[in-house]
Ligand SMILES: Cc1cc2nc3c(=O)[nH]c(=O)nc-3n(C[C@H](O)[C@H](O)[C@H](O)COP(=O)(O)OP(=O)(O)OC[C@H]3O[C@@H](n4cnc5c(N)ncnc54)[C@H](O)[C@@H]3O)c2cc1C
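Only one chain is included here, represented as C-alpha cells and corresponding to the form predicted alone.
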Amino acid sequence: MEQYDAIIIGAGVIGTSVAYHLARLGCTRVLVLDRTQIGAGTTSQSSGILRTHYSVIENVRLAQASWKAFTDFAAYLGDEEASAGMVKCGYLIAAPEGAKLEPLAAALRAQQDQGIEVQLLGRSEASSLLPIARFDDAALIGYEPEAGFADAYLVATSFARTARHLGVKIMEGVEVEELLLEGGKVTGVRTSRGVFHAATVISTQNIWARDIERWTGIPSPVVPERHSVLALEGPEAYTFRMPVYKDLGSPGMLYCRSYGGNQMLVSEGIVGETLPEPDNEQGDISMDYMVEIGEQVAERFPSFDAAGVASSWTGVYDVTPDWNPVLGRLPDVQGLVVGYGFSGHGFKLSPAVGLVLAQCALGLPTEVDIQPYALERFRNGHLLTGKYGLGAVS
C-alpha cells in the first residue's frame, strides 16, 4: 500500500495537465494511473485545433487562459525542449444569412469584450487569407489571427515529462478497478497493480467517466460518441499559412485545416454516432459518408471537387447533455474531483482546466470560475448549451 497526496486517473492531455499544475503548486507526491499509455486514448485522436471562439462565454475564458500557455509552451512549462507543435495560422468562421448569423455576431462581440483580438472581414479579405475557398454567400466573417492548431499528443507527453521532473509518478498499463471510500470520504483506489492511498482522487477519465457512477452511485451524464475525420488531397495547396476554417453554412458545420501540402483535414461539427460502451478503437467510415463530406467540401472549396481521400480515422468524444464538461468537486464524496465530458473541446482548454482542477483539489481559489461547470447544473437546469446547436462550437 502506497500513500500519495493525490491520485489522478487518466494520463491524457487533461490528466497530465492536472499533474503538472499540482506539482507546480507544490503538490509533488502525486500518482497518475493510465489503463494504456500517456496520451494514447482520445488525446491521440484530436484534430488539434486551437481557438478561443465559443458561444458559451465560460468556454471563452478557459480557452483564453489556455492560449496564454500554448503561445509559448516551452516557457510555460519551464522546459526549453517542450513543444506544442504550434502552427499559428489564424481561424476563420463564417455564416450566411439565417439562423447562425446572430449567434455568430454575439459570440464575436463577446470575444472582443474579453480583450481577444477578433477582426470582422469582408469577403475579399477572407479570400486573400484562404484563396482556395469561396465566400460569396458569407453574411458575416470573423477572424482570430492568433489561433491555429497544434499536436495534442505532444502536449500531453510534454506535460507528463515535466511533471515527472517535478516528482510526479506516472504508471502506465494500470487499470483502476474501484474508488475506495470510508465514511463518504475518498481513501484511495484499488487497481490491477494493487491498492494506492490518497485523500484526493482526480478523475480525468473522459469516455470512461461512467466508472464514477459505478463506484459512487452519483449519476455521470456522459456518453461516448464517435466522429470521423478525413484527410482530402486536392489539386491546390492548403498551406500552413492558411487559416483554420469553420463553415457554419454547410449542413455538417464543417471545420477544415491544413494537413500539409495539398491535403485538408476536415470533419463535421454536428452530433456523431453514439456508442453503447466506451470504445476508442477505430471505427468504420462508409464510402457514402466520404462522398457526403466530399460534396460539402466541394461546395466551399471548388477545386476539391476532384479531391481524393488520402487517409481517414475516427475519434471519440466524451459528450454531456449540453456538450460541455463537468469540472470540480462532487459534493457527495469528499476528496473526489472530476474533469470529464469535454465533448471535443478538451485539448483546446487543457492548460487552464489542468490549472483550475489542481487549484480545486488543493482548496485554492481557481484562476477561472468553474462553478458554472458543476454537475448540479443538470439538476437545476442551468445548462451551458451553445448557440449554434449540439455538436458545434459551444
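The numbering used is simple: start at 1 and walk along the sequence shown. Treat the numbers as computed from the prediction; the structure is a model and nothing was measured.
As for the form predicted in complex with this ligand, it is not shown, yet the points below apply to it.
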property: Full three-residue contact with this ligand in the predicted bound form, heavy atom 4.5 Å, for 108, 142 and 250; result: no
property: Contact assignment for this ligand in the predicted bound form, among 334, 64, 45, 28, heavy atom within 4.5 Å; result: 45
property: In the predicted bound form, the residue from 317, 91, 196, 259 that sits within 4.5 Å of this ligand by heavy atoms; result: 317
property: Contact of residue 345 with this ligand in the predicted bound form (heavy atom, 4.5 Å); result: yes
property: Proximity of residue 211 to this ligand in the predicted bound form, heavy atoms at 4.5 Å; result: yes
property: Residue 36: touches this ligand in the predicted bound form, heavy atom cutoff 4.5 angstroms; result: yes
property: Contact flag, residue 11 vs this ligand in the predicted bound form, heavy atom cut 4.5 Å; result: yes
property: Candidate stretches 198-206, 132-140, 180-188, 283-291 - the one whose heavy atoms come within 4.5 Å of this ligand in the predicted bound form; result: 198-206
property: Neighbours of this ligand in the predicted bound form among 214-246 [non-hydrogen atom within 4.5 angstroms]; result: 215, 229
